[in-house]
Every structure is written in C-alpha cells, then in structure tokens.
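Below: one protein chain in two forms, given as structure tokens, structure 1 then structure 2.
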Structure 1
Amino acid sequence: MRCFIGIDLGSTTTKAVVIGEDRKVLGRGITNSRSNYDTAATVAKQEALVSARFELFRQALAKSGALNGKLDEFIGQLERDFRLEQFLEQLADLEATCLRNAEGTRFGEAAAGVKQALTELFRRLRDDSPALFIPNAKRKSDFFRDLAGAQYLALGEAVAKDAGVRYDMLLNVFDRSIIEVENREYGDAISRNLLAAMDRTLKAMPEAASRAEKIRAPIQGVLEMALEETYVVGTGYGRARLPFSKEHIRSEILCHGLGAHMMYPRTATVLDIGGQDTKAIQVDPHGIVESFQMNDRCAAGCGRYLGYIADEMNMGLHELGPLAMKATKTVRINSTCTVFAGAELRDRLSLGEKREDIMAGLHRAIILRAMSILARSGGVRDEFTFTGGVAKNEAAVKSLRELVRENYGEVTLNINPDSIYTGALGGATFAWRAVLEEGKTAEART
C-alpha cells in the first residue's frame, strides 16, 4: 500500500501524518522534539504508521463484521493495551540503563544501595503502569519521558528512604538514563507489541474472545500488509536538521497554508501559533500562499511563553486555559515578553489580583499580538482557520473569537481538534502531489 508522509519538526513537538492515495488521513503521530532531531522525526513517523495500522484494523474488522457493534470498544481497548505494551518495553529499557549507570565507582559504597532502590522502584513502576492506560485515565502527557518521570519522582523519595540512600542519587541516575532511552528507536518491537496487545484485549473482552479467530485473521492480514513509504516531505522549525535532501523539504508557511486548506477547503486566512513562532498566512482557493507575516525573533506570545507562565505559576501547561476560563474580569497585561512576564505576573499577584483574572489577561495579550501580525498579513478573511498547539487552549480561542468579532465582524472560525498536525498534513499532501501529479519517485529516508 502506497503511503505519503509529512513530518513537521517543531521546536517543542514533532508531528507526522500519513495519507493514502485517496488523500485521506490514515494516521497521525507525535513525539517531543529532541536535540537528536533524526530520532524525533523517526519516532513521529513510526507513531503515524502505527496509527495508520489501527485505522486499517478498524476498516478490516468493520468489513468482517466480527465484532457485532463492539468495534469502537475493541479498537479503543486494543490501542490502550498496545500503548501499555510499548510503555513496559521502554520501562524495561530504562531500568536496565539506570542499573548500568549506577555501576562502578560513581556512588562509591552507596552503589549497591542505589541499585537495590532502583530494582524496587521499577517493580513499583511496573505494578502501577496498567492504571495509566485504563479507559478515561487522566494523563498530563502521553510521552514516555513525562509519564515515566512523573511516576519515578512520585515513588522515588519513599523508596530511597526505605533503602537508606539519598534521593538525589536516584534523580541523578534517572537524568542520565532517560536521555539514552528516549533517543532510541523501538520500531522493531511494534509488531510484537501489537500481537501481545491483541491477546490482552481478547482477555479483557470475553465477548470478543469467543470470536477470537474471526478477529485475529483481519488484524493479521493488516500486519502482513506492507505500508510503502512512497514519498516523504519534511517541514517545520527544525526542517534544516531533517535527514532529507532539499527536494523533500518545504517551508512551514507553505505546508501550514496547504494543510489548513486540506482541512477546510474554503480557508482564506490561517493563524498558526506554535511553540516558537506565530504565523499569519493568506491563501488562495487552491491553498497556495498569497502572503504571510511572522513574529520577530523572540518567542513572545507563543507556546514557549505559555510554558514559562505555567512554570512561574507551578502549574501544568494544560491547566492555564481552564483557569483563565474561570475569570470574572480581564487584567490588563502590558508585556508579552517572556523575560519580563514573570516580574509582571508576580507584581499583579502582589497587588491582590486573582490568578484566573491574570490568566485571562495573559491570553488576551497573546491574541492581541497575533492580531497585529494578522493585520500586517492582510487581515482576517472568511473563512479563518486557527491552527497550532495554542489552538487547543480554550481561553486563547475565546479571546480570538472576541477580538475577531470586534475587528472584522462575523467570520467563520475553523478549529480542528487535530490542528497541531496541520503542517505535517500539508507536507504529506506535497508528498502526494510530488508522486501523483509530478511523477517523482525518489524517497526520503528517516
């Protein structure tokens, strides 16, 4: 099966999208961007190809009729079980790496105690792992580093105390080891873990287990199907570091414009607020960029700014939007400069302003900055599509709706739940065009 892949290497996350010959999305993948950009690109692509397998599982099982109305439940459980298998695989790797890094003279006489503590800590981590992947489990992140790190920190202090070793020794081992583990590829384990996940799922769903052979056959057929990486296009903030030839690289402006057009064909204006920059793009009816503007060199008003604010508030990034939505007024924020944001935030708090009101003001300040960039690009035209990670922030969306209405009247505002993949979708579409419209055959390997 021929597949066309777009990879968007952002400053914070790396995204990948796989589309088929019909230009429909088969799969999406995301991972945290690393100093090792080659690995980030490879992992995101692997995630997208795994996602494509699940979509093909769904199609094959639907055609077989083997699940009698339980298809969505089965696919959901299968994906959770697969994520658990992948997590346990990386956890075992992390344990072995930690134990290896605890050897030698680094900790002197405490080395044996550190290794004993690590063995107990990882036993508890394994025991707690299934709870991370139950239905409706609340996870602050889906990235292995974040999940494993949160568990490690939560359990490590008590384990260190029981083992009679210093807690900072366990932290030191983790910090050294996690970089090694997260920069390794686990592509060879995917098929094995999918089969193990299928066994878990069948045990968890007795009604499916009674039709096990009718279920296994379509899944095995999909696993045996080759997903041909026909053409790959890379884009994004770190595109210069992608291991592709120049022929396989497109600017993020072109990819975001085309990706937004693929999501919403009537798109005329695109606003993308990512981790490092803000882009305002005007496109024609075919998704071709007519004009654009970007923020200047600093990351003021972007995702990194929100991340800094979250750190200052000792909150998770995902908590900022919901907190701002509780505001009863909007505190005026004068600066969206990351350097001065902390000082102004502390100043507002010392004056007795409520945190939620300050957050509302911060979100409005970010969108005001974006509005000035939009104005320089040509304004807001109907339809208007908002993309990027910040598009998932409900307070930012609320401020954007209000300011667009105030300045441009009623305009259709499109926000797709998968908008973070817009650039990668544009890249995949360029890959499709390269082969099916331009007749190119060269591959880009990651």
Structure 2
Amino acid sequence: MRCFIGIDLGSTTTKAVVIGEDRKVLGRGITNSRSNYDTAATVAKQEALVSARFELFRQALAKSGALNGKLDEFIGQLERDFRLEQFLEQLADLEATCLRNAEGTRFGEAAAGVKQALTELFRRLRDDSPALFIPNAKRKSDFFRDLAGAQYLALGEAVAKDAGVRYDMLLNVFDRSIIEVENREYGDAISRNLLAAMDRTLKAMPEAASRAEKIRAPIQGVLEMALEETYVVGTGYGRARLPFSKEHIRSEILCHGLGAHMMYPRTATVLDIGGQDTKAIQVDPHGIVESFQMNDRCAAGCGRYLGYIADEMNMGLHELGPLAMKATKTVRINSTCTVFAGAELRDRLSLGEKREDIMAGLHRAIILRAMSILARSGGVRDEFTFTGGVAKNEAAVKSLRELVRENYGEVTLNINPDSIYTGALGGATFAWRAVLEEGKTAEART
C-alpha cells in the first residue's frame, strides 16, 4: 500500500509518522537522535513502519475476529515481546562490541579481568531484561541507550567490585561501545524478531495459543504486504542534514503548525517545546502559519534543561513531572540556563528547600520562558495546542495551564499523547499533499 512518511529530525529525538492514503495515522516511530542522523532517520522510519504493521495486524485481526475481546491484550503483549526481542538483539551486539573494545592494550593487565566482569555483567543484564517489558513496567526511557545504560550502571558497580576491576574501566568500555551499537541499524532483524515475539506471545497467552493458526494467518498476510514509501518529507532541527533534496524538506515551523492543525483542526496557537528550541506558532483555520517566534541563541528553558536536571537528580525524564506534582509550594527559580540548572538545584537544596518544591519551580521557570515566547508571537488564542517532548510532562502542563489561565483567561488546551509526533505528522501530511494534491512523485534518493 502507499505510505506517506514524515520524519522530524529533532535535536534530542527523531520521530517518524506514516499515514495512509486516507490520511489516517498508521504508525509512529521514535528514537534518540544520535551522531549519525542518517541512522536516526532510518531507525525512526523503521520503527514507524513496524508500528504501522502492528496497526494493520490489529485491523486484520479485528476483522477476522480471531481474538474476540482479547485483541488489545494480545497486541499489547505482542508489542512488548517484540521490543524485548529487539532489546536482546541489541544487547547481544553490545556485549560483543564491549568485549572487542576491552581487548588491546587499553587496560593492559586488567584486560582479562574486565572481560570476565563484562561477561558476568551481561549475563545479569540478559536475565533482568524480560522484567523491563512486563505489563505496566516502569521504564525510565524507551531508548536502548538509556535502558541498557541505566541497568549497566546499576549493576556495574557491584560486578566490578566482585571481579576486582575498576568501575571506571567498565564505564569506559560502555561509553565507547554504545555509540557503535547505536549507529547500527537492525532492519533485517525485524521480521525474525516479530516471528520470535509471536512465539513468546502465544506462550504467554495460552488461551490464544489454541487459536494460533487463525491468528497467524492474518498476521502473515499483513507481513507479506509491501509498505511502499511513496513520498517522504523531512523536517526538524537537523533537516538540512537529511539526505533529501530541497523538495522533500519543510520548515519545522510549517510542519508543527500543520501537524497541530491535523490533530486539532480548530487550533489557533501552537506551543512546541523540544530539546533545544521553543516555538510559538499562530496558525489560521487552514493550518497555515501566520506568525511564529522561537527562542534565540540561548537554549535556556528548553527540554534539554529537564535532561540536565534528570541527570543531576539521577532520575529518568519520565519521573520529573510526577515528582514536581507532589510539591506543596513553588520555589522561585530565576535562571533557566540549562547548564547551570544543576548548580541552581544544589543551591536550593542547600538552602533547605524540598526537592519536589524545587522541581515545581523549575517546571514553572521553563513554562515562563515559553510564555514570553508565546507573548512575543502574539499571545495565546483559542484553541491552544501544546506539542513537543515536554508536553509529556504533567508538571509542565500544569504550570502552562495555570499561566495561560492567569494571562489569557479560559482557552481550550489540547495535548495529545502523541504530541511529540506533531512535526512528523505535519511532514507526513505535506508528503500526502505533494502526491495527492500536487501530483508529485518521489525523487530518487541520492
């Protein structure tokens, strides 16, 4: 089938959205932006296509009625199992890479010890992996780098101690290897891992196993269907580095405006807070951008700020919002310099402020910056749509809601759980328009 794809190459994350001919979203994919933008774009697209297949599975299975009542559970399980398979695949690669990197003269006599420790460490990692993917598991992130990294750090210290090698050495090997692993694509493994995941799922859901054949048939059908990449549009911070011609590139402002319009057609104002930039966009009733403002050359108060804070507090990004929600008061934070965030935090802690109250202050500070940029672009109009990674953060949303009410009165605030994909959705829509409205065909990729 014909697919229209938007890829949003952000500074922190790369997102892809696949839409079908009916302009409905088929799949979404996300990965962390890494040193190799090509890879990031490819991986995000693969993820989106995989998720599109899951969507098609769902449709096919729903039609076949093979799983009446259990469809959601089944798809959920299948997806988790698939993630686990992918994770294990990458973990094995990481292990091999680490072992390779531990060789040579770097560690001299300690090399053997390091390798031994690594083998043990990876054994434990593997054993702990399935727990990451059980239903309702609290994961700190969805990205391999973060997941494996967190576990590695958590287990590494003990393993190093037991093995009598320096923990620093293990860290060193990891830092070196993760980059290599991250920059590899695992496109070929997808079908294999899907089939393996299928086995796992059927095992996990014995009642479905009895109908295994009825389930497999539609899935197989979907798997055999080709997803044709009819037209791809790239956008985002790193778009200039995408291997696309100018025709296939759109400004992220336009994409965010259009994406928000697609999600909520009555959107008038869009706020996007990403990793390194904050954008305020005013759109007209057709999704056309009327004016926009971005933060200037200083990245203060953008999403990366939260990243630094999370690092400083040794927490996952997911956990910051919930912590801030526990606040009983809001500590006033004046500097939103991303790099000094840690210092500011320590400053406040040493003054005896509570962590959650400081967190509430930090979130408010970010939103205050955004409010200024919004004011600069022409204010908040009804309806107001909040997008970008930070929209996932409930404390940021709470501050935004308050400040918007204080300054602009009641307006409808739209936040989509998939708001991080807004730019990519806009891109995909542009791709769709290019083909179906402007009659363009994809250019050969160079």
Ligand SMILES: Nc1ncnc2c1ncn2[C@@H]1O[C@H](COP(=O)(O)OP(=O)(O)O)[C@@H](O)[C@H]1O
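For residue numbers, the reference is structure 1: its sequence is counted from 1. In this text the structure is predicted, and so the values were computed from the model without any measurement. Just so we're on the same page, rigid core means the largest C-alpha set that superposes within 1.5 Å between forms.
For the form predicted on its own, the corresponding chain is the one labelled structure 1. If you fit the rigid core between structures 1 and 2, you'll see the Cα of Glu207 move by less than 2 angstroms. When two forms of a protein are overlaid on their rigid core, residues whose CA moves 2 Å or more are considered shifted, and Glu290 is not one of them between structures 1 and 2. After superposition on the rigid core, the Cα of Leu320 moves by 2 Å or more between structures 1 and 2. Summarising the core-aligned comparison between structures 1 and 2, the C-alpha atom of Gly352 is found to shift 2.6 Å.
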